[in-house]
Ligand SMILES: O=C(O)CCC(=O)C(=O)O
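Below sits a lone chain in structure tokens, taken as the form predicted on its own.
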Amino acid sequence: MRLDQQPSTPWVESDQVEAYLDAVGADAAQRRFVTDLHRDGVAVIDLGPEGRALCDEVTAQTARFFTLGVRRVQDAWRRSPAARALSNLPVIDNMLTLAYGRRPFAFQTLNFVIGSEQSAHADAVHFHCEPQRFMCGVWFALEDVAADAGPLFYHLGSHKRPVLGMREAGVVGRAPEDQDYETFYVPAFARTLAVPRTLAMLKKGQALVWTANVAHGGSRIVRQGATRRSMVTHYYFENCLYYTPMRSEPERGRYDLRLPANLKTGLWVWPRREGRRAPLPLRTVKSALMQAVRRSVHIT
């Protein structure tokens, strides 16, 4: 075990996790978090008074973005200082660094005022990296979650299955297309789920961390008018090759590379392969610039 080098597999995904926690002298709270994440694919962090105050600020600062018909707001951090601050809380940074063995950086936020009712999926089909599994999501409860408001759900231990990509879902002999997600991926993914789902009944100021391959989604909203104010922040980790699996064929060495933002610095993080910058197509750089400009002006 080399603690002076970045691991090629996240410690939390490794069978050496207990020895690692002993080696770094993890305290009880740290050990519980990493052990839960290793075993279940999910773990809860209490954000304390600072986090709860930021939850209220995020709710106030993003309320105007939810015009009629808008259910999800992407990258509100560009116009909400509180969303940016909540994503970069030291407790989140410290826990993720410990669990993964590399420094994290937040690259995207999604804000919700009602439940998403999203089908079960794993984030590894939307964002992934090489080395694999250096990505995670954090779901921030901006208010107490009610059982009839469409809580987030997850399947305990589901992260231990192989990653289901578009090829495994049935898209063979061609590059995946956007419509293939609902046609191929969603039903194929549902067939892999053997364990019952668990509802995330979090209180305001709690955050649920999930690993890249854990199955999760949004349950049905039962009570009309029920709110489920929340924010999801996605994190990558340093010195990886970042790509979009939906438009990639890793088995052929073809990656649709990403130039992710870093919410802490406001700059971009260049993808790296074996410590060196990977060449990016000009269109990828232009797309990142255009998205940044568009989302700073208009929230969709």
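The first residue of the sequence shown is number 1, and the count goes up from there. Computed from a prediction, not measured in an experiment: that's the story for all the values here.
Another form exists, predicted together with the named molecule; not displayed. Remarks below refer to it.
In short, of 113-121, 97-105, 155-163, 75-83 it is 113-121 that has heavy atoms within 4.5 Å of the named molecule in the predicted complex.
Among heavy atoms of Arg31, none comes within 4.5 Å of the named molecule in the predicted complex. Proximity of Val232 to the named molecule in the predicted complex: non-hydrogen atoms within 4.5 Å are present. Tyr185 falls outside the set of residues with a heavy atom inside 4.5 Å of the named molecule in the predicted complex. Taking the partner from the other structure, the named molecule in the predicted complex has no heavy atom within 4.5 Å of any heavy atom of Phe134.
Interface residues of 188-215, taken as those with a heavy atom within 4.5 Å of the named molecule in the predicted complex (partner not displayed), are limited to Trp210.
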